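To begin, one chain is listed below as structure tokens, in the form predicted alone.
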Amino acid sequence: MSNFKLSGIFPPVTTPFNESGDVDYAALSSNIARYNEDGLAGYVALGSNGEVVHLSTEERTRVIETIKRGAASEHTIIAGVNELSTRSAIEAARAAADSGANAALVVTPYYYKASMTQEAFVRHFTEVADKSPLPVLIYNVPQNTGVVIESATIAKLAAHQNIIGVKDSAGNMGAISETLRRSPASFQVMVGNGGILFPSLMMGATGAVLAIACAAPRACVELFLAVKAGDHQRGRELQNRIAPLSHIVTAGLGVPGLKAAMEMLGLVGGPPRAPLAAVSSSDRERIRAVIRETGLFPEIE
């Protein structure tokens, strides 16, 4: 498992719901079919943007299976593991393997924040990695969890043969640089914030899991390929175009905003699941204005 390679752009696939509030698996398949044309490295099922915390166990299984079935053979499927106890996280990793996932993205446990020390994180991720049939990625997303796994802790965990990388969504370029500096060259750092995609790749990140890639996959892939080819001018240009749209559909309006942007760009967005609510008409116009300003989508200008 230590030879498992992650390189490229992965969208954290959104979960479409129909008017009744049920998961629309046909719409999910339709989005995957569209994404298959965009040069993506694979897909993340059950991430934060997939509204995983609002899905039942059965829905989570079916979402992974639907994405796996629709993906191309060369795509890597990463499944979110969002359980807060170590025991349940291990069970979820095993279930993800049974559903066809290739790797597990394991969130930092966070509910008992005062007890979630760096030592607790080491114990948790070590035990999950010991027992997971899938290679493990650490998921650092403090804007949702309220806890941070430090670069030194990530580097310590990187010594485990079944912990292959980290998805860092904090947006802290300094912390990502420190993780890259401290970790072995084989450890794969995936950036999870579209606002710092270009500098992260320049520093040595192997790829990215980006909400904005759900709405603008080709632009994200093009930026990745530009950096890989050494075309830094093109990479900077694309970063400047992508960043404002990334901001409004993540820190700005979140999943409802991302789904609205997807609809404007020809994908199935649909409503979020309560208690999340669809964006207002004024916010939809804000999103549309930012999409136009990027210059990436002449079809809606």
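None of these values were measured; they are calculated from a predicted model. Start at 1 and count along the sequence shown; that's the residue number.
Note that the form predicted together with a further copy of the same chain isn't included here; everything after this is about it.
Peer 1: Which single stretch, out of 63-71, 26-34, 50-58, 262-270, brings residue heavy atoms within 4.5 Å of a further copy of the same chain in the predicted complex?
Peer 2: The contacting stretch here is 50-58.
Peer 1: So a further copy of the same chain isn't shown here. In the predicted complex, which residue out of 92, 116, 164, 226 has a non-hydrogen atom within 4.5 Å of it?
Peer 2: Comparing distances to a further copy of the same chain in the predicted complex, the residue within 4.5 Å is 116.
Peer 1: Taking 4.5 Å between heavy atoms as the contact cutoff, choose which of 217, 109, 207, 135 touches a further copy of the same chain in the predicted complex.
Peer 2: Checked against the cut-off, the match is 109.
Peer 1: Would residue 187 count as a contact of a further copy of the same chain in the predicted complex, using a 4.5 angstroms cut-off between non-hydrogen atoms?
Peer 2: No.
Peer 1: Counting only non-hydrogen atoms and a 4.5 angstroms cut-off, does residue 201 reach a further copy of the same chain in the predicted complex?
Peer 2: Yes, residue 201 sits close enough to a further copy of the same chain in the predicted complex that at least one of its heavy atoms falls within 4.5 Å.
Peer 1: Heavy atoms within 4.5 Å of a further copy of the same chain in the predicted complex: does residue 155 have any?
Peer 2: Output for residue 155 is no: heavy atoms all beyond 4.5 Å of a further copy of the same chain.
Peer 1: Please tell me whether any heavy atom belonging to residue 145 falls inside 4.5 Å of a heavy atom of a further copy of the same chain, as the geometry stands in the predicted complex.
Peer 2: Within the cut-off, so yes.
Peer 1: 41, 280 and 284 - do all three of these have some heavy atom no more than 4.5 Å from a further copy of the same chain in the predicted complex?
Peer 2: Contact check failed for every one of 41, 280 and 284.
Peer 1: May I ask you to list the residues of 74-94 that have any heavy atom within 4.5 angstroms of a further copy of the same chain in the predicted complex, in sequence order?
Peer 2: Those in contact are 82, 84, 85, 86, 87.
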